[in-house]
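Only one chain comes next, encoded as structure tokens, the form predicted alone.
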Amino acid sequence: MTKSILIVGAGPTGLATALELARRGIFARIIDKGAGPTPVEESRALAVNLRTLDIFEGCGVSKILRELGNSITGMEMFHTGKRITGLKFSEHPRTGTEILVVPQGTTERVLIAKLDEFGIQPEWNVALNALEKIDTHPLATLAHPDGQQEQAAFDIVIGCDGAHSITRKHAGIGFDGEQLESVWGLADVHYKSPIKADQVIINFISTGAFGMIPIDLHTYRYVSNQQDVTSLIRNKEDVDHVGWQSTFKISFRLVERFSTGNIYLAGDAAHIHSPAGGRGMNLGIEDGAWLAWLIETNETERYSDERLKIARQVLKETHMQTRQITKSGTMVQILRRIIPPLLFKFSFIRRKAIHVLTAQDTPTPPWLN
């Protein structure tokens, strides 16, 4: 199959899309306005879930990520420092159920190295300035770092260029939603002594909650609906140093459609939501892989409807999880101490929770069946 394809954005979604196309014998050009991949020490996305590992089996990336990542085998829930319940992912009927923690920058570098095996390299510092002839052969105007403007026509343009997607704007696709008022905080906290690196910890407090995600044997990422997340650090006397810190606001937005003409969107260009559950990067990678399969089978007209349904489900779930985290009040505190331990006494509820946490709750990509 010979198609000229431009992928705009060389983050995890764009790189995964290019790789899934390449392993099917379809070679795309991939550009990014940035100077290079995400710095490893400043990676917002950490979770590589089971669905993504299934997708990456086809190109050989899963094995590499398993070697590099920290394997999460369960979750523990606390209320004001006291353990109330937990989950072991091994309870799920599928063997090898886990979540890998891999900094986004590391994932990107693995994908870039694998793409290089196909002779494909991202073109850094190259920006999309304009798109025309969207319904036929999209004509892209590209700005190069030396100031030169290039015009090139493509059969397909895929926008993987994030929440502020230029591709989406030029395609005229709506991106409605809302932004929450609260400011969230995150910090990577490095400890002198080894930590419990195989469990995610959720601690409910009077003003919401904070999560502790083990990046490696000495590092937790703290994430909270509290802006001053460092005030929540536990075992301060054992802290070596606090690394990357950031604040952010949560938005829930979804495109009205995933494509128009020969322009397609994937990842944050099409949907943004809460980091609850670690679904964002993984959902984008699945978008790109799904589109690559449909390009190979000449069924791209299915893409928008199929991905809209899945994205709506994930946004609904993450919105519900975020509401649960941010609620406050005396009655909420009482219920948080009582309800989770009660519910998790039932094995079918535990399995359902694991099913959601490992992203097996949405339809399996057809080529994996």
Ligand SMILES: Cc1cc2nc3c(=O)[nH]c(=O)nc-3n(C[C@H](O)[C@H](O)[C@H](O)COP(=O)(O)OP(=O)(O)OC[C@H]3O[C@@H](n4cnc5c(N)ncnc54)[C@H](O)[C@@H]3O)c2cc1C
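A residue's number is simply how far along the shown sequence it sits, counting from 1. Note that the structure is a prediction, hence the values are computed from the model and not measured.
Beyond the structure shown, there is the form predicted together with the ligand, which is absent from this document and is the topic of what follows.
Proximity of E98, T326 and A353 to the ligand in the predicted complex is absent: no residue of the three has a non-hydrogen atom within 4.5 angstroms. Checking A127, I205, L180, I134 against the ligand in the predicted complex, a heavy atom within 4.5 Å turns up for just one residue: A127.
Only one of the listed residues (L186, L294, I112, I84) places a non-hydrogen atom within 4.5 angstroms of the ligand in the predicted complex, and that residue is L186. Contact with the ligand in the predicted complex, defined as any heavy atom within 4.5 Å, is confined among 297-305, 27-35, 333-341, 59-67 to 27-35.
Looking at C160, you'd find a heavy atom of it within 4.5 angstroms of the ligand in the predicted complex. Residue contact check for H319: none of its heavy atoms lie within 4.5 Å of the ligand in the predicted complex. Not displayed here, the ligand is approached by G267 to within 4.5 Å at the level of heavy atoms in the predicted complex. Remark: P122 does not count among the residues lining the ligand in the predicted complex, judged by a heavy atom distance of 4.5 Å or less.
For the partner-free chain shown, V8, G9, A10, G11, P12, T13, G14, I31 of 7-31 come within 4.5 angstroms of the ligand in the predicted complex, judged by any non-hydrogen atom.
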